[in-house]
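Read on for two forms of one protein chain; each stands alone as structure tokens, with the labels structure 1 and structure 2.
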Structure 1
């Protein structure tokens, strides 16, 4: 089976089924915003939502993650976690799936990061394709992430009273087979998917004023630019932008001793290149001084460096950095300013 059909009236059945199979995480409303949470009540699950405050990276790259455990006397060390549990992420946007693919590339690069990879091995991804824009901040079309591009087990598309589900892996197939309320999609339903996607093209338009290749070229030439000065003047260095980014993975390590002061855990915790001590060393030399340079670094880590290294843009277009910015710095405007400046 390549495509399956689920009536929306059976969605809660299916969610219950999924919840029995593995730890299930999905989106629910939190005041006016949305968050990924473990599913308690299946009726709380949202499929129509603007990107969650934090991307689902918190489940495969936790904010504070145990790396090793140790004891001082006698000297002992061991992996902190040796068993990871199966989990399902339900209703993930295509932009966030693109974010996972970026992180995979980084942590699979030798030397591999077993902590990350072990967790990812246990993950099943069920995506949902957006048919309308979440809000004005997204730039997923320019990034090419407004449509599914692999990296998931199942992908759902809303066809009115039904969901059509693309089956993309064996792991995914196991979650839809043997259930009497999930059937193989008919030709008519496939045609409807096709026409739905055609309609979508009328709504989703590139948000940058130039194509991505042009954006890349512009970055190549914009290391010195007044745009960075402007962005740097606004930035308050809160680090929100990097925390909410699905492809920011900079970290610090931190040891915590228990009360005996003999045993403890070494954690890795999210860190941000926007913090002013991020690149400082003991001689007090600061290798990335100034908010302008630090913001520039953030942008280059999305539009230039990973393209050179992995042939992949690390901006997914989710719009979170713009939504979360205390200083109202807009990613789309910043990139468009660079493009404009280039043209001059």
Structure 2
């Protein structure tokens, strides 16, 4: 079975089944926004939502994570976490799945990160494809992430009163087989999926004024652009843009000692290139002075450096950085300003 059909009236039955299989995280409404949370009541799960405040990254790359326990006298260390529990991320947008793929290439690079990889091995990803724009901040079409591009176990598409589910892994197949309310998709339902995606093409348009190849070339020539000065003048260095980004992976390590000063725990905790002290070294030398240089670095970390290293753009088009920016700096406007300047 490659594609399965689930009636929406049976969705809560499936969610209860998933909840029995593993720890289940899904989207629920929080005031006027949305968040990923552990599922307590299946009827609270949302499938129609704008990107959550934080990406699901917080579950496979936690904001604060214990690395090792240690003692000084006698000196010894031990892993802080021996094993991770199985968990399911339900209803993940394609832009956030693209973010997971970006994180994978980083943490699978030698030396591999065992905590990240062990946690990812325990994770099952059930995505949902967007059929309309979440809001005006997204740039998923220009990044090619408005459509599924792998990286998931199951992918749902809304067909009105039913969900069609693409089965993309053995792990995903185990979650839909043996259930009498989930059937194999018929040819008519496959045709409806095809027509639904054709209609989607009329809705999603390029947000950048040039193709990604042009964007890359522009970043190759825009290191001293006046655009960075304009962005720097607006920036208030709050760090919101990096805190909500699904592909930012910078972290700091900190040791916490108990009162005996003999035993402690080493943590890693999210860090941000937008913080004033991030690029400071001994002697207080700062390799990235000014908010303009820090913002420039952030953009280059999405559109230039990872393309050179991993052949992959690290902007997923989710729009979170623009949505969360206290200074209303728009990623799309910034990139298009660079493209316009290059044309002059």
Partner chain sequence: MLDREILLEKMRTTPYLPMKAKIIEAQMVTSKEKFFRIQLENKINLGHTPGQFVMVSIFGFEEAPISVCSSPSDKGYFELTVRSVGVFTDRLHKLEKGDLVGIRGPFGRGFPIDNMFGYDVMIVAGGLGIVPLRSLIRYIMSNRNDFGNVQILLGFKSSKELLFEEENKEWMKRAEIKFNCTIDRADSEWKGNVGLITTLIPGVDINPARTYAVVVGPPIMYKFVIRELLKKNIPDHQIIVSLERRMRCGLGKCGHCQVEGVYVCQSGPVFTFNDLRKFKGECHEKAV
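We call the rigid core the largest set of C-alpha positions that still match within 1.5 Å between the two forms. Worth saying up front: this structure is predicted, and the values here are computed from it rather than measured. Residue numbers count along the first chain shown, from 1.
- It is structure 2 that shows the chain in the form predicted alone.
- Core-superposed comparison between structure 1 and structure 2: CA of residue 258 displaced by 2 Å or more.
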